[in-house]
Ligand SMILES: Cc1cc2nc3c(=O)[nH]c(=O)nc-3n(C[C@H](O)[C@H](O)[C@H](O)COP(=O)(O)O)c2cc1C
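Below, in structure tokens: the form predicted on its own, a single chain.
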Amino acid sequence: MLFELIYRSEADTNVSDDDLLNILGKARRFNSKNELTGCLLYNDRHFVQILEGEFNTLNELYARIRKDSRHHNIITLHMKEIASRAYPDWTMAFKALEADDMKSIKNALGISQFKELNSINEESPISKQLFWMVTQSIF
């Protein structure tokens, strides 16, 4: 079964730009080998990530993510079964959102920080809208 996982977290204060590049490289290689797809957004030491893939593979990866000391305050926004992938060609797209991006997001979605993303009835509709909005500008 194909599932979608969305979570948010805070980067450790010691995480550098080089660390982010390292995380992305490892994620892309792992995801490619394990048929996972998704997108990672970053702003002001906060991450929000969407991952798509087989249920057991996602669960195993998420368990490792939750133990990773490079970030904390990990909040699951949702995990649900999906009919098809939103990002079938992206082993891990990435976008660091700047002030102008966040201004557009605030105007469109009413949030100014990732930590404002919540889960309602085990789903996070605003996070889905955020990914849709941002990924339109990636390619």
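Just count from 1 along the sequence shown to find any residue number. As the structure is a computational prediction, the values presented were derived from the model and not from experiment.
What follows is about the form predicted in complex with the named molecule, which we do not show.
Contact with the named molecule in the predicted bound form, defined as a heavy atom within 4.5 Å, is made by none of Lys106, Asn118 and Lys128. In the predicted bound form, the named molecule sits within 4.5 Å of a heavy atom of His71. Lys80 falls outside the set of residues with a heavy atom inside 4.5 Å of the named molecule in the predicted bound form. The shortest heavy atom separation between Ala27 and the named molecule in the predicted bound form is within 4.5 Å.
The closest heavy atom approach of Leu97 to the named molecule in the predicted bound form falls outside 4.5 Å. Only one of Ile65, Ala86, Ile111, Ile75 comes within 4.5 Å of the named molecule in the predicted bound form through a heavy atom, and that residue is Ile65. Although the named molecule is not shown here, in the predicted bound form the stretch 32 to 55 places heavy atoms of Leu40, Phe47, Gln49, Leu51 within 4.5 Å of it, in sequence order.
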